[in-house]
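Given next are two forms of a protein chain, the same chain in both, each as structure tokens and marked structure 1 or structure 2.
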Structure 1
């Protein structure tokens, strides 16, 4: 009889141990789920706060925003790009859109070379360098995602507006069907300012350029990526280090950091003033009326 009581006690202890282990496991899982859900919610709130900070600045408000109802806030840093060259070293490149957010296929990037704030027609000259470097493509992109580049340079020759075009492609020899673009031998280039490693570089007006020089009266440079499957970066840099060889400040760079609890989310936006609409590249110009 005593042996039977001892067995019952052992069985009860075993059952209680198993039940306790299961209970602890359930509690730990619940706590983990609650912690994960809290982090996700805080991350979402931080991202929303960062977005709200950007929207507030773009609408003419201040550089901070806070939401007491969900304990989130954001601070925005505002810079004008590119910074004016003081004549010591090269001007930092204009990377807009920023970083790897880059340009989608057929999307257009615009760079002012004249003074965008000039009220004159044509606008006052600003960039007077003899050449200009463009950078494009993500060096980490797959072998079948090599972007080509279409460049359009708008300038004023003293009497009228004119344009020059370049079609550049490191894959020109193997495109099917052939595109007859200029073949570019690409060597990756990395900018310390952003850490982005660009796939290709081309110097407009450099020794490899068929024209070999830039005209005077430079107005705009417009770039369009072709063939790319993913969004890829684009940048322009002055290649000479004089004050008249700076690209004019034209882009408002906004970096918004949103916070909620232990979460932090960052949004970076680049806004260029006075952007010419995309259909500018397809426009038909006529001295008279155009009849449909």
Structure 2
């Protein structure tokens, strides 16, 4: 009988232990819930501050925002692409469109050679080189996937806008039907900085170009890949090693970091300079007006 009394206590302790465990877990759960909710709120405040940072820079303001009464703030980092060449030396090649891996067949890429942010008409000159290297095609693509390139250079000769065209094809001799493009002898080029291998390089305005030097008043270069089966890269690079031979920034990458309490949220935005719509080429060369 004495032993049985002890059993009651054991069972009681067991029951109490289970009840205690359940109770503690409920309390712990509620504490972690409230902690999570607080963090989520801080995180939202940080995100809203980061968005405010982006908005402020896009509207021409400074790189910091601070809502002191809401204990949130944001700092924005601005990266221009390509970075402006401040001194002598070659600028990194610019892949176009920025941040994209390539151009599909007949897709148009645009490179600003004048200052895209200039309010003047015509826009202020920026790139003043007499020649420019263009790179196209993916050298790792299959051997029957060789792209041709159509280039349109828009420039302002002091009185009116004019254009100059190049039609470049490494396979011009064997295209069927014949396209009458200029035959280009291509050797693959690799840039160590980007690691991208191009099928072809051509220097417009270079010594091998029958059209001679590039004119002054350079505005835009538009490129279109033809015949390619897969998306292939296109890039330009200033060929001359001089101070005014920097291609203007075509895009800016904004990285905004918002802070609130212990939370940090980051937003990244890429803003590409104004892009002329694809029907621009047809408008320039149409005989009459183009109506919607």
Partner chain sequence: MSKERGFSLIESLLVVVIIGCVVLLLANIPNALMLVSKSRHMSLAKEIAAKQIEDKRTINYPDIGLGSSPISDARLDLLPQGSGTVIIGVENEDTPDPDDWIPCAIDICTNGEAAKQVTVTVNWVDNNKPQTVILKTMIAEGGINQ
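Superpose the two forms; the largest set of C-alphas matching within 1.5 Å is the rigid core. Note that the structure is predicted; figures quoted are calculated from it, not measured. Numbering follows the first chain given and starts at 1.
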Here the form predicted on its own is displayed as structure 1
Flag for residue 72, CA shift 2 Å or larger between the two structures after aligning core | yes
Residue 229 C-alpha shift between the two structures of 2 Å or more, rigid core reference = no
Is the C-alpha displacement of residue 276 equal to or greater than 2 Å between the two structures once the rigid core has been superposed?
-> no
Let me know the CA shift of residue 57 between the two structures in Å, rounded to one decimal, core fitted.
-> 11.0
Core superposition result - C-alpha of residue 253, shift between the two structures, Å = 4.8
